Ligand SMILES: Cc1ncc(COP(=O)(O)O)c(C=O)c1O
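First, one chain by itself: the form predicted on its own, in structure tokens.
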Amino acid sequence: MLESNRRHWLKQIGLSVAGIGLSNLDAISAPTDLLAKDSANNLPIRLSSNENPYGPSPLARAAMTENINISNRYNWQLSTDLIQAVSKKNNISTNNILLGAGSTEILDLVTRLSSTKKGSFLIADPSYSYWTEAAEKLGLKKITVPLTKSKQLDLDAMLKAIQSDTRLIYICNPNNPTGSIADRIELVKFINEASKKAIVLIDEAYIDYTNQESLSAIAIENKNLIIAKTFSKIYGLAGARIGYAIANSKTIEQLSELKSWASGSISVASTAAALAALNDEKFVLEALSLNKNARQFTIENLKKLNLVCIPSNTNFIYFSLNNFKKDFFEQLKNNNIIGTKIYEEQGRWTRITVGTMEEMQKFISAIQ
């Protein structure tokens, strides 16, 4: 039955299954086996980049392996297949989708589109901001709006901060690094008003860790709303670099014109992996469950250390080091653990990625 299901999934997504039997798939190391090898080789525990420690899924890795042999060919057909699969998953037209090398490329394209006229852009602080340096170099002035005291996006304040020359408004939901999520009804109200004045970019990199419905359905009607999505997180394909934009068909056309080859920046192997990942629902559900358990364990133990944590809707945790008496980052370094940084000096707020349960047990042990 298992072999039959796997073959059926692979046929559905248009991948060649000749020679991929059950024994071949099982021969590919399971994620837990890969983690065990990392531990045996004394590699650092990476709790810095919000990666999924369990991925890629078995089906995704099988698809990459099989399609390496056709990497001498361009990905025209596979890209078309993936766009159709994404269209079906989100219940939208293929004309509303643009593929990119991770959602990072989508953010870059939206930034370029917004900067065709000089002006400003708006972002919460703190939020995911690695793309903002490029925006400033393109001539856009950065406007930051502090979070609320409870570390939520202050949508009212962001609406008031919009200026006459504001070209772009960025919302990461759930927000990175805090893990907080905006109320969907309030967010839709915000978008309806803000999009009258500027492009609104909603980054849904972590929405799959929540029960909140994506905003993709309303993006297809609103020419000033763009949704960025990624395979990097719950699907475990961060290194494969694959994501996509959902927007009005006219907006997708505008973004496509900023690329030399629309939807052509993704490798054959990565495209095949994304196609397979969409069909591996079992892997996604298991990853969600494991993340929830490890996250709960970590938060409970951080609280035992008298450290204040923000409720997390993601695969990372935001907490204050105000009550931590030791050198937190030195403790991590001494235990071969990679963390992040201080995001807010007031309160000394930092973030840690939720790894496997074993990794989080080592993390807690390292800072006790």
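Remember, it's a predicted structure, so these values are computed and weren't measured experimentally. Residue indices: 1-based, along the sequence shown.
Although it is not shown, the form predicted in complex with the ligand is what the next lines describe.
- Using a 4.5 angstroms limit between non-hydrogen atoms, Arg167 is distant from the ligand in the predicted complex.
- Put simply, Tyr128 is close to the ligand in the predicted complex: some heavy atom of it is within 4.5 Å.
- Interface membership of Asn69, defined by any non-hydrogen atom within 4.5 Å of the ligand in the predicted complex, is ruled out.
- In the predicted complex, the ligand sits within 4.5 Å of a heavy atom of Ser49.
- Only one of Ala205, Ile123, Ala277, Leu99 lies close to the ligand in the predicted complex, with a heavy atom inside 4.5 Å, and it is Ala205.
- Checked against the ligand in the predicted complex, the residues Ile234, Ala135, Cys172, Val110 give one hit for a heavy atom within 4.5 Å, which is Cys172.
- For the three marked residues, Thr298, Lys303 and Thr340, no heavy atom of any sits within 4.5 Å of the ligand in the predicted complex.
- Of the candidate stretches 211 to 219, 113 to 121, 100 to 108, 141 to 149, only 100 to 108 has residues with heavy atoms within 4.5 Å of the ligand in the predicted complex.
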